[in-house]
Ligand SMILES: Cc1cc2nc3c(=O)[nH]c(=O)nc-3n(C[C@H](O)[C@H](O)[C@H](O)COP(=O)(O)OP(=O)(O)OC[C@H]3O[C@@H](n4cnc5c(N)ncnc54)[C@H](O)[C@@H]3O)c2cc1C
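The chain below stands alone and is given in structure tokens; this is the form predicted on its own.
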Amino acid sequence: MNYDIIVIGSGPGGYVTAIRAAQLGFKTAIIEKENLGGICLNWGCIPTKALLKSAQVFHYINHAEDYGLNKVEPSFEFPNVIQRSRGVANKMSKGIEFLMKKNKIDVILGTAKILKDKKVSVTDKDGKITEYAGSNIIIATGARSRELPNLPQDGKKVIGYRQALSLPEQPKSMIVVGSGAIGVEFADFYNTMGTKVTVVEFMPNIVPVEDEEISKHLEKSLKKSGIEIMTNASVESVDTSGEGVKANVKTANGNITLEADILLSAVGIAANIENIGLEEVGIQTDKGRVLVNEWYETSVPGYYAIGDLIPTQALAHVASAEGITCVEKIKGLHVEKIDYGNIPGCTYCHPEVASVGLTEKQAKEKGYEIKVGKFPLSASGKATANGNTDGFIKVIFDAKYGEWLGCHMIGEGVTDMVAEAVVARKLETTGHEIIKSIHPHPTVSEAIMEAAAAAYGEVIHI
């Protein structure tokens, strides 16, 4: 069968690409070996947020008296919490099925391998192989949990994020290796539900890509909630011969042994580039990623790659944007290149973390003379009414021209607020324009305006 566009992989990169291609009039097929929606909808972004919501509700019940309500003794069945998360994921996957039908996209189930001359072979669950041809092949096979040689995952005692989403019973104790978004979110969830959690981070700060002040504040908040955090530390080896896990951890003060029921390895991801035909077709890779040009075409014309496969930020919204850009360019539309300096990052622990643009350290390293403004959520009327005053908003402006260089947030609901900074930076909005843009009261979003005002010595409420 012949198609204009064949998309391999149906995660947020792949399925969005297929839908946009169909909207542009391309005859489109999408190939998926497991479940529509890929890792994000089935084993990543969506089900983790469902777990974190359950944890948040449990936290609220435990603190009912803080809101003037009668104290209750909450209880839960851990399998039911997992079941709700899986139900949310399944509902979203079915939603993707509907979108495929609505947009008349052919869904091909099976394992794909690219061939020369812009062909793809698909092996179905019965072993039957069918060949398809496409004018353009877009590879969006995503990534998986990265395994370190000294931390082999057995899926039972040493696990990745996938197993962490579907444990049959709640562990009493857990070691989380890595404090990026995945590690911190799971640490927060399991800690809130009552598991004793220890986070081991190789870098000096947790969530190491974030502004240092944000990292320090989050570390303080997580420690206050009961999570033990070890920075400048690394797990050298694990022993799973006993009932649980013994981890040999190297610290600045020597090696120590940590014991727990389960160890979660959250040390990043590895792109799914093996056994999909890249070598046979001649597509170039480097350091485990597919090399592409500015419009996502690989070294072989007619073959494209987007998302976690390529050396850009491994985020769902980035993959979606890359896919849309890719097919619009194929169509011949006037397309703007993605600005990778204006990609928001979010971590959905409690308190949440969100950011876009340069950190204070990065801005100084680039030679900017900067104005920095901060506004604590403890001074926000809405945050106080909500009972969630832990956190602050930090903004960074170029002192000379007023360019908004970076925005860094920590607090309840900030992942829903960071888009203001993304849009403002896209429109080249200055600090004074933010100050003069009237924000609704009472809202937590006022804190962005107040932080901007603080940068220019005009803040009202602190």
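Don't overthink the numbering: it's just position in the shown sequence, from 1. Only a predicted model underlies this, so the values are computations on that prediction, with no experimental measurement involved.
One more form of this protein should be noted, the form predicted in complex with this ligand, which is absent from this view; the next part is about it.
With this ligand left out of view, choose which of 372, 315, 92, 278 has a non-hydrogen atom within 4.5 angstroms of it in the model of the complex.
-> The option sitting close enough to the partner is 315.
Using heavy atoms only and a 4.5 Å cut-off, determine which of 34, 433, 428, 416 is in contact with this ligand in the model of the complex.
-> Contact residue from the list: 34.
Residue 142, heavy atom within 4.5 angstroms of this ligand in the model of the complex | Residue-level check for residue 142: yes, a contact with this ligand.
Distance check, residue 308 to this ligand in the model of the complex, heavy atom within 4.5 Å | So residue 308 counts as contacting this ligand.
Answer with yes or no whether residue 175 is in contact with this ligand in the model of the complex, where contact means some heavy atom within 4.5 Å.
-> Residue 175: no, not in contact with this ligand in the model of the complex.
Spell out, yes or no, whether the shortest heavy atom distance between residue 132 and this ligand in the model of the complex is within 4.5 Å.
-> The answer is no: residue 132 has no heavy atom within 4.5 Å of this ligand.
Since the chain is shown here on its own, which stretch among 397-405, 43-51, 59-67, 420-428 would lie within 4.5 Å of this ligand in the model of the complex, judged by heavy atoms?
-> Contact criterion met by 43-51 only.
Going by heavy atoms, what in 433-462 lies within 4.5 angstroms of this ligand in the model of the complex?
-> Not one residue comes within 4.5 Å of the partner.
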